[in-house]
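Starting off, we have a lone chain in the form predicted alone, written out as structure tokens.
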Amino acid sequence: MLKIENLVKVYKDVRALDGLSLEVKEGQIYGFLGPNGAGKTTAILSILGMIFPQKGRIEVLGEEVFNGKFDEKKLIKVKYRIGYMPENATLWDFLTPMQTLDIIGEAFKMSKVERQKRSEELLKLVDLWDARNKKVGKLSKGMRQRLLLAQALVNDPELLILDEPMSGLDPKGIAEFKELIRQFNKGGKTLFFSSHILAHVEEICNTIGVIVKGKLRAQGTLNNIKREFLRKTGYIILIETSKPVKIDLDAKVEVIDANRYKITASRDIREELHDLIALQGAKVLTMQVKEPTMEDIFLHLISSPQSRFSGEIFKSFNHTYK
């Protein structure tokens, strides 16, 4: 659906994209997560042919649109199948929502009848039907965001690209926007949206990519990213036994009290712990692996920008469970 390989974009002395590679598969809600200035918007504008990268390859909907240079014919072809909602867009304040969508539809060479029908469908979908004849300049921030979403849907795109779509919305607006994203995905659309807000990505995305300083630091489902984090940074295991035991394994052992222990290991040693404790005539009363949150992982990645996951135990994550 969307594939980027080794994309490089340099502005003077700033490497906005530094060998960025990622893949969005059909049917995914892909959350493109990163701090402000990480390169999210630059990547999106490169996909759309609005920024010219120096190196790399971009494939959209099975078409190679960029490989050192843009293929204009292929780019125009795929744009008819893409919807794009920018983070900051200037709407025509003197037009109404109906007029706005009519102009967008005309740009996609839709007939007047098609434009009328599609505009009505979309304004009802995004709850702007009652404001259809109101000047856009009089709309609230949330209503303008919904109109921007509607214009991205005029051509019924297969791939919907949203750049910080919930920026500036109140909690009610955010909840409504999340529900719309879920509906679009259930209807067969693939969504790629950028955000710097963890909760937005974690709640609704089935695939996450984390970009830091123009590089992708992690990619996959949330569970897979967590497992990779644990594999690279270590497992924190809390265990309680029926009586004191000696834990002689390749791990760091901290005695919390008489029969409770905190164990930090480079791998999952729970099975070995069970066997070792049984040999000492004791029982395991509780055993728990402390899972990292997405916040733990995100903070780790942005604090260690030179590697995907460092081999060192992430100190703040470790400290949380002392």
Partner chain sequence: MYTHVFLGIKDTMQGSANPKILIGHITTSTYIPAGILTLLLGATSINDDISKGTAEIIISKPINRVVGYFVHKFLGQSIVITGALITSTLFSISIAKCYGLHMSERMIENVFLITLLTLLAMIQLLALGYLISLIIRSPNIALGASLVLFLIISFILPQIVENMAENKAKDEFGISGWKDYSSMSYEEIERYKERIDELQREYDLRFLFYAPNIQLLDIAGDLEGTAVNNIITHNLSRIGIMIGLTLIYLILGLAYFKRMDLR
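Bear in mind that the values here come from a model prediction, so they are computed numbers and not experimental data. Residue numbers count along the first chain shown, from 1.
We do not show the form predicted together with the partner chain, though everything after this point is about it.
Engineer: Which one, A107, L249, A175, A199, lies within 4.5 Å of the partner chain in the predicted bound form by heavy atoms?
Structural biologist: After the contact test, the surviving option is A107.
Engineer: Here the chain is shown alone; which of M294, L45, A282, L61 has a heavy atom within 4.5 Å of the partner chain in the predicted bound form?
Structural biologist: Of the candidates M294, L45, A282, L61, L45 is the one lying within 4.5 Å of the partner chain in the predicted bound form.
Engineer: Can you work out whether P35 and the partner chain are in contact in the predicted bound form, taking contact to mean some heavy atom pair no more than 4.5 Å apart?
Structural biologist: So P35 does not count as contacting the partner chain.
Engineer: Quick check on I51: any heavy atom within 4.5 Å of the partner chain in the predicted bound form?
Structural biologist: It does: once the partner chain is placed as it appears in the predicted bound form, I51 has a heavy atom within 4.5 Å of it.
Engineer: Heavy atoms within 4.5 Å of the partner chain in the predicted bound form: does G142 have any?
Structural biologist: Although the partner chain is absent here, G142 would stay clear of it in the predicted bound form, with no heavy atoms inside 4.5 Å.
Engineer: Contact between Q183 and the partner chain in the predicted bound form at 4.5 Å, heavy atoms?
Structural biologist: Flag for Q183 set to no.
Engineer: Counting only heavy atoms and a 4.5 Å cutoff, which of 24-32, 272-280, 37-45, 251-259 contacts the partner chain in the predicted bound form?
Structural biologist: Selected stretch: 37-45.
Engineer: Output the sequence-ordered list of residues from 1-35 with at least one heavy atom within 4.5 Å of the partner chain in the predicted bound form.
Structural biologist: Read in sequence order, the residues that approach the partner chain (within 4.5 Å, in the predicted bound form) are K9, Y11.
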